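One chain comes next, on its own, written as structure tokens: the form predicted on its own.
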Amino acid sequence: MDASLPIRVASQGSVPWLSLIVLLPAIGALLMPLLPKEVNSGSNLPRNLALGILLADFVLILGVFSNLYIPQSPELQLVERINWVPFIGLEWSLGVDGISAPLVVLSGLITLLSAAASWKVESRTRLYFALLLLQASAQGIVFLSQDFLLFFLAWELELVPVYLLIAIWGGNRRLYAATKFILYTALASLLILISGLALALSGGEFTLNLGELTDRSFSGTIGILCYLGFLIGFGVKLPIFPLHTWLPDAHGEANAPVSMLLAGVLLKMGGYALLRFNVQMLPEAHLLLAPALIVIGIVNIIYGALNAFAQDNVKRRIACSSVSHMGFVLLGIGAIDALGISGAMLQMISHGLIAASMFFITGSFYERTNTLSIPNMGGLAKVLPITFAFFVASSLASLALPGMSGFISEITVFLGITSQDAFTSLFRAITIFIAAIGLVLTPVYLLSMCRRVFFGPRIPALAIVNDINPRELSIGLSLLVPTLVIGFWPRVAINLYEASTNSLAEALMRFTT
């Protein structure tokens, strides 16, 4: 029996393409303070600079991954490795495989659209767009890093821009929401650091390289304890119940572009890290604790759906919906087979697009109505017909309507659980039954929200508002079209990661024999 899950290196790029991808936004962030102070408020220059840099970065991502990345190979590609700070073992080590490639593409798209959606930000614009650019670099390093300390530094770095974006440009309770976010995530980071260093100090010579750590075997107590440390640390970001309570507050107070980042990218960092560390690095502990992961996923699905019913704020209801939908990621990861892990990856991609779309459209009609209170809305379908169409389309995708990405991702997770013989038939049946209840609840709370917001008696104060403009229309289509394309042709997304998820599942299966 093979005692490790090896990370093989396929190629090392002569041009540091991955470094260019992650450092280009950071360079843009450093340029922002150099702009004249008089452009800090009411000028389009910071916004246009950020948009230009993020657009160039996204084009670079698409160019590199379409021409240099080989999706049919499960091996680590475009590897860059520089001995950065040798006395502490820190390396600038980047690489891409199927687990990271689609999430880097998703991150680039959502960040670009988030900047484009920040049209109404008029105060401290240099700082605002510098933070967006810094966030883009940090999340790119998280997905591409192959050194634990570099990963951890980027994981911590991305907390700062998000905290400031909520604390400065958020709603009335922004300081409370931002403080709650930073406390939850910073405390969770301690467990990540402790678990990572424990693995680095165990099993042989000290190393922080993720590939070398993955090649080792961490069985017994050390493996289980580090698995639990990672699960809690990354679970806060996912988020898992009961570590999720920062999310509705953060979404409720953040502006719409920041909510797009939170839902579209930050939550996916938690799911990615669980695959990279808990599954790939600690397979024996994962096989032991996979049933518990499935139970937590079921709790997420049901609790998030029920909690959504209690929310009278549109953004908080969507935030609770995110808690529910990320439960399917946990189910897929816990399924421990290729189909389940594939479903988890597809769910992260799908939810990133759908949730970002819903928060964007919500921000669009908030700019026109100045309210997110569901009881204070009504009849908006007649005055905002295009907004209504986009919001309903996003809601239908979220409730897993066939033909949209939400359906194919969730059905793949279900098939992954049912096809896994490692679990008893009773356990699989109970899992499917309870999770299916969440599928039934989702259309109820989403469609009831659509009915209350867009139909019913028209609120006189909202009788005359303008529908979305061409700029907003292009942003909405940029999120909705991929959702439809993946729904009808899921291979567009699956081909990016299938080789890596199949290889990961095959390696896991070797520990069951």
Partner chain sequence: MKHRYSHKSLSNDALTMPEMGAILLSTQFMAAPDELLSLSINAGAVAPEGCVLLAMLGTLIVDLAGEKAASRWAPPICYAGLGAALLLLAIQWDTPLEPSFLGAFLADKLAIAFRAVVALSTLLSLLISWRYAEQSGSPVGEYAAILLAATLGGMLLCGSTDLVSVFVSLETLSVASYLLSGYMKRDSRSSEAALKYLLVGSAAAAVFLYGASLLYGISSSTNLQEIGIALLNSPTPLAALALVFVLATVAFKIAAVPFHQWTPDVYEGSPTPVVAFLSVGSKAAGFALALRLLVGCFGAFDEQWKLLFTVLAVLSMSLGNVVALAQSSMKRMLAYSSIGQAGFVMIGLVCGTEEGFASMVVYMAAYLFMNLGAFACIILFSIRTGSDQISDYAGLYQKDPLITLGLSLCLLSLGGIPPMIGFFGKIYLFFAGWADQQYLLVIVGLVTSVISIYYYISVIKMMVVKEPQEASEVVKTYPPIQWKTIGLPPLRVALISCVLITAIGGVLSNPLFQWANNAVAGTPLLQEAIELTTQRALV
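Residue numbers count along the first chain shown, from 1. Keep in mind that what you see is a predicted model, and the values were worked out from it rather than measured.
Below, we turn to the form predicted in complex with the partner chain, even though it does not appear here.
Partner contact region in the predicted bound form: 78-86, out of 78-86, 332-340, 294-302, 271-279, criterion any non-hydrogen atom within 4.5 Å of the partner chain.
Taking the partner from elsewhere, residue 208 is found to have a heavy atom lying within 4.5 Å of the partner chain in the predicted bound form. Taking non-hydrogen atoms only, residue 186 approaches the partner chain to within 4.5 angstroms in the predicted bound form. In the predicted bound form, residue 163 approaches the partner chain with a heavy atom inside 4.5 Å. The closest heavy atom approach of residue 428 to the partner chain in the predicted bound form falls outside 4.5 Å.
Every residue in the set 152, 175 and 179 has a non-hydrogen atom no more than 4.5 Å from the partner chain in the predicted bound form. With the partner omitted here, the residue from 116, 289, 121, 127 that has a non-hydrogen atom within 4.5 angstroms of the partner chain in the predicted bound form is 127.
With the partner removed from view, the residue among 401, 411, 168, 306 that has a non-hydrogen atom within 4.5 Å of the partner chain in the predicted bound form turns out to be 168. Residues of 183-217 placing a heavy atom within 4.5 Å of the partner chain in the predicted bound form, in sequence order: 183, 186, 187, 190, 193, 194, 197, 198, 201, 206, 208.
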